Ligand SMILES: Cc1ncc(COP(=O)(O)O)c(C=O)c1O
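A lone chain, given as structure tokens: the form predicted on its own.
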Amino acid sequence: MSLSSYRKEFPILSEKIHLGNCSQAPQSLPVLNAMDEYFHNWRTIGMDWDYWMTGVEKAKASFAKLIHADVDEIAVVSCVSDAVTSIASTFPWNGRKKVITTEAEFPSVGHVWNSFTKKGLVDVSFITSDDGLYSADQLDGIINKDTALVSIHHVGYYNSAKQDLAAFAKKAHEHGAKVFVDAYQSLGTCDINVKELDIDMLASGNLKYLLGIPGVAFLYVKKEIAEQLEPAMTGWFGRINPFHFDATHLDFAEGARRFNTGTPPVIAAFAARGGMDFLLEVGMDRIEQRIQELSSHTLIEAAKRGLEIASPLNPALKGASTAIRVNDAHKVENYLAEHQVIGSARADVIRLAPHFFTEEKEIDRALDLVAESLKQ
């Protein structure tokens, strides 16, 4: 099937131009169908924990397949903030409690490290960049024998700058540290192989390029690392047998399952599986190639219109989203919405974030409207 033939799976595309995938993907029929499986079971059976938990396990398996991991290396949580908090709750690691991260992390990630620093359990250091692109060499002189973890995003939420994950993993490992990756702004647009990249931990939610809904995220932890850690943020699904119901005894499940907490977000997990399986059906190699084409097109056409681009100008150094600097981002977002175009404002930029189903003419229309709005 051609990529354009998949547009029929997204009903809103017949009504609007959707370029807000960096914030929320459009509703798709595969996701609705997956959610209907849950609702039908709930309606007809009433209570079916085995079916619901099987659905959650299938979602974990889909996430594992996306990142080339084993399913026993995946935990399900409600959001990336929960994933990072759960990791932070395992500190210190053999006396190490230093975390190195960037000023460009999504705020809630930085907030978690700062919160645990305030409690004396973590010691966080931030590296800076003028353009959102970070180099693993920036760790030199900062990373040392006290460093436990390098926490890095793959693609920046603000201007879509893409980091060299392999380089950061290599540098961290040279100093005996681990690497955690926030892949929220990249997963679903490119192939991420955690084994080839030698990533120790990775998390992503599903409402953006993975086509899902809010309320669910997945955490990958390399099995041999997971079993050395005991998260203080826990719950009954982090136990060896969640249904043993013994409040007086604490054990930890094998692998990343120990990072599960309370009752999983079942409906959101069904939706997540629908979205991820849809992407796997389309093919991540095809999607990644198409994203590169659309990214290049957006950069070229934005420059033709004299728009100030805040993203890296090299498509290889950016994610799917292109950030255009404007005076009042929310005003521009509203102007686009008035003309049936969905963009996403962040601070002083309007982000145009296509997905594999986007057409070049839609990007052109959005860029024309951005240029128009700046003349208002």
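Computed from a predicted model, the values in this text were never measured in an experiment. Note that residue numbering follows the sequence shown and begins at 1.
Missing here is the form predicted in complex with this ligand; even so, the following discussion is about that form.
This chain lacks the partner; the member of L299, L279, V80, M233 within 4.5 angstroms of this ligand in the predicted complex by a non-hydrogen atom is V80. Of the residues given (Q289, S108, S129, S115), S108 alone sits with a heavy atom within 4.5 Å of this ligand in the predicted complex.
Interface residue remark: F168 is not counted as part of the site for this ligand in the predicted complex, having no heavy atom within 4.5 Å. Using a 4.5 angstroms threshold between heavy atoms, S151 stays clear of this ligand in the predicted complex. Using a 4.5 Å cutoff between non-hydrogen atoms, Y157 counts as a contact of this ligand in the predicted complex. Using a 4.5 angstroms threshold between heavy atoms, D200 stays clear of this ligand in the predicted complex. For this ligand in the predicted complex, the listed stretch (250-258, 266-274, 237-245, 72-80) containing residues with heavy atoms inside 4.5 Å is 72-80. Along 204-219, a non-hydrogen atom within 4.5 Å of this ligand in the predicted complex is carried only by K208.
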